[in-house]
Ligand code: DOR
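The data below hold one chain only, encoded as structure tokens and taken in the form predicted alone.
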């Protein structure tokens, strides 16, 4: 039995660090485990231009604990009116690693997002020419489409046509949640990859709905049927370089999650690697964990792997029922559960 595992230090290719007091309270959890992270731009107001990208990066770096080495990789928030020249300049100057496509109204702070992919065709063409990756929240928002079908419909209506028309555009299908999504990514060219969260590997929609409404299991895209969870576990642990780690850790204050209209998002940063590793062990794929966590993401983004290493030990680790983040009380993923692995640094 393996009692410890040492891998190249991982990166988180999708995280929400928020801003202000919440940023101060949560950034250390990500920086403790990950060397770099793709930081989402859905603030209020959103990070839409180079100046805002630089300012947000400076706020993040100022909030990182002094004993931690962490690099935030910034993203630009796409709107119907995004300026292609501004985005390409931000990418060339090292401010923006990628741009983020939020369909308007799809998730938290996405109301300023894109109403129709056709509206940003010029932006996407410029990004493709510049080699700037596109991160995608892959859901339609039409009221006539069932929430559990919105990822599959987005593939058919928007993503498949986009990749057909712009095969040189590098696309990351973020927080994949469906069997259809897995099949699409597997069948797409080398320019398409996907991130997978820990929660979508652990829970299906029963976690939200059985025994009462459980708001701390609610995120967007929502967890789906068991067949989708199993397809995601198979993909993540397959060794395919098309799939890599992206937590989509998204903190909200406890009272906001437990309100009459609970916010979407799961705060998984404090025990992210322990959560992922539990899945790889259950699937008999410990030998493939480093690829998923540390190698596939840098390869797709065209970045070097991290030279440092981290170690996880087979020691039981109890997740607290809540975490005081200073700005708010947060309920972490796996709250009250005991995980089989512990991050040793």
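Numbering follows the first chain given and starts at 1. Every value quoted in this text rests on a predicted model; they were computed, and no experiment measured them.
The same protein also exists as the form predicted in complex with the ligand; that form is not shown, yet it is the one meant from here on.
- With a 4.5 Å cutoff on heavy atoms, residue 265 counts as touching the ligand in the predicted complex.
- With a 4.5 Å cutoff on heavy atoms, residue 216 does not count as touching the ligand in the predicted complex; it lies far away.
- For residue 206, no non-hydrogen atom is located within 4.5 Å of the ligand in the predicted complex, even though that partner is not displayed.
- In the predicted complex, residue 91 stays away from the ligand, with no heavy atom inside 4.5 Å.
- Stretch-level contact analysis of 229-237, 74-82, 101-109, 151-159 against the ligand in the predicted complex, using heavy atoms and a 4.5 Å limit, identifies 101-109.
- No member of the trio 36, 195 and 269 reaches the ligand in the predicted complex with any non-hydrogen atom inside 4.5 Å.
- Among the residues 176, 87, 250, 245, the one placing a heavy atom within 4.5 Å of the ligand in the predicted complex is 250.
- Out of the listed residues 224, 170, 137, 202, 137 is the one that sits within 4.5 Å of the ligand in the predicted complex by at least one heavy atom.
- Contacts of stretch 13-31 with the ligand in the predicted complex, defined by any heavy atom lying within 4.5 Å, are made by 16, 18, listed in sequence order.
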